[in-house]
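Quick setup: one chain, the form predicted on its own, written in structure tokens, and binding and motion questions come after.
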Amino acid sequence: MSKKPVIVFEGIEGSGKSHHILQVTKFLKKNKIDYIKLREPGGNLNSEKIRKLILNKNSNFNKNTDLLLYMAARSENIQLLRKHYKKKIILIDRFVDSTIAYQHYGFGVNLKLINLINNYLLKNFKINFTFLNIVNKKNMISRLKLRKSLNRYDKFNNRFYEKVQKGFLNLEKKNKKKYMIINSNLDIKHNQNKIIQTIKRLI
């Protein structure tokens, strides 16, 4: 594996992925290791504009429009990702698997269409490792209640999130060697240590 890997943090709302990616950035900074971090949707200026549109609680796009907006945000990041590919560690908060888990498993968008657009955009850009954060319904609900404001994707019903999380787990089963499941129902410090130790191995 490249010593400048692409590492993705995936998971449904309230699963702790954003917390853990922040801890990894602190570790890399402390050790003076070059990296870039971005989120999806989001990343560069144009992608952040699209993010605001997608997640606005007043937006009401159909499932195909949602997919195309996510892909548009990803398209805007490709130049940035390619610029640093194999030159710096790349940390991404949500990426391809989120598109498949939410848009295909959650909303039922055709998987071939999703894969077709992803393959066209990414070409030879490859993910090296994925941390999949999972959470039970009780903890997800309690954590969402603590948020100061909720976006559109924080407000779907529990059945939707169950389908999405099962989708993530299906993806993990197909490529276990490049995934690590992080059970965020367990002690957060335990999970942080597990992730950092894995990061040390990857880099």
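The shown structure was predicted, so the numbers you read here are calculated from the model rather than taken from an experiment. The numbering used is simple: start at 1 and walk along the sequence shown.
Missing here is the form predicted together with a small molecule; even so, the following discussion is about that form.
With a 4.5 Å cutoff on heavy atoms, Lys163 does not count as touching the small molecule in the model of the complex; it lies far away.
Put simply, Glu40 is close to the small molecule in the model of the complex: some heavy atom of it is within 4.5 Å.
By the criterion of a heavy atom within 4.5 Å, Lys17 is counted among the residues contacting the small molecule in the model of the complex. The closest heavy atom approach of Asn133 to the small molecule in the model of the complex falls outside 4.5 Å. A single residue from the set Asn170, Asn139, Ser59, Asn151 has any heavy atom within 4.5 angstroms of the small molecule in the model of the complex; that residue is Asn151.
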